[in-house]
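As structure tokens, the next two blocks hold two forms of the same chain, structure 1 and structure 2.
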Structure 1
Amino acid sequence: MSQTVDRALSILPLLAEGPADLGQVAERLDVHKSTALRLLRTLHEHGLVYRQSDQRYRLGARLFALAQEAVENLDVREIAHPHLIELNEQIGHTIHLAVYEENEVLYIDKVESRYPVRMYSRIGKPVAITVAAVAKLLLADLSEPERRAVAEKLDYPMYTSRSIPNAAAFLRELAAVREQGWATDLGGHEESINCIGAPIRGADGRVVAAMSVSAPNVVVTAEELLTLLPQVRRTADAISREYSGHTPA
């Protein structure tokens, strides 16, 4: 690991909190101002930070562009997208696609509900990992020791009274999900929103992504949502097949 690069990269999350001036950056990094200046300059040259008119720094444009290109290079996403669109045209609700990476689950695609009531979420946002249906699916596929290790490390915020409260309950839930091959989140994140999800598997049978359908209570009840499960699983399986076939190893 390189100290200089390490320091430079530490600036990024710092600026993600909001714009900062040279002094603040230097202080947070615990380095001399001149050092911070040179790091910022280098980041600037690469377009990762931007200097606004008041001379403060904030995250720059190329960061978006990079994130975009990155997400477009994920072949699961590319393959899945038309299927998600198609499912959305059938059932209308919001559809998410998510992957697991380094202790985080994040959305990599989304098709908006065609109902007026929409939920807030964004591609790139980390998922509420202890409650979301897609998170359960992705974590359920890890090996038993990995699951344990991850479950122990997590926090279990009680978004609602139905949120999963602790590691033990979470591991039980993962076991159930693993067994049944699909997952739900019934009001565990937002009181009035339910989700059902299904896994997408690669050629080796491992779960490479997960998709879910979300809908607020006011549009469909949890029971009605569950009747869509066969369609969701069928879509997920179709994506799995295409993905497995497509992967040239």
Structure 2
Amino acid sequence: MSQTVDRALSILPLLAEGPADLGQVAERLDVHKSTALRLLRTLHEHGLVYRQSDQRYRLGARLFALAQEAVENLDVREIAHPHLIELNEQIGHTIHLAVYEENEVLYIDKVESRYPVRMYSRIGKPVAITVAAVAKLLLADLSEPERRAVAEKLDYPMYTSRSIPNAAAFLRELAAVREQGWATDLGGHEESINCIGAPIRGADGRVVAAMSVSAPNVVVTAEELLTLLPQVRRTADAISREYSGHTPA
């Protein structure tokens, strides 16, 4: 990277801390004021910085517009898919990616198991929201009032004896998921199917998607599936890093 471009880009994180005058910018960059002024003028011409009436500079509206446009154009499925394929090659089980949209949790990607026993699930199909690991992860990230409002509106079908029976139990489960940072569905939807999941986070730390690994008991026990949780979480973190540009906390 050229020295001029490097210096210009170094101004942006400085101004992210708050408005700064010409002297402060020059001091931070360790350059003469004339050099700092030239860089600031260039950034100002492109709308990336703005000069206030007190002669201090702050980040410009164009920068925020570009950031918002970039976020809106990010496709979490496109970013996640190679990671899901890689994990599937390592462990062989079915992998799902899901998002929360319009009060439903939907599968947006699926990588099939390499084992003969397959799961019946389809991209675009809503999940069983009160039991699925991906649903728990996505809803756990909502604020407490939002979680409560959602929980109180849901029905709680008893798919199996391990299904969550009511709103109070569901809220307790969401609180636990929020605290631990991962989720399970151990026979809650189908007695013979177990699932573990981890969240994918955006630049603001919020959960934008969730991924899960599912397998039938005839292939792997629940206890054996849980031993894969570190791999699942590492994959989710790798997707989060690529999607957000940050390392997850």
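Between two forms, the rigid core is defined as the largest C-alpha subset superposing within 1.5 Å. Just so you know, these numbers come straight off a predicted model, no measurement behind them. By convention here, residues take numbers in order along the sequence of structure 1, the first being 1.
Here, the chain labelled structure 1 is taken from the form predicted together with the DNA.
When two forms of a protein are overlaid on their rigid core, residues whose CA moves 2 Å or more are considered shifted, and N217 is not one of them between structures 1 and 2. The rigid-core alignment places the CA of G23 2 Å or more apart between structures 1 and 2. A203 is not among the residues whose C-alpha shifts by 2 Å or more between structures 1 and 2 once the rigid core is aligned; its shift stays under 2 Å. We note a C-alpha movement of 78.3 Å at H32 between structures 1 and 2, with the rigid core held in register.
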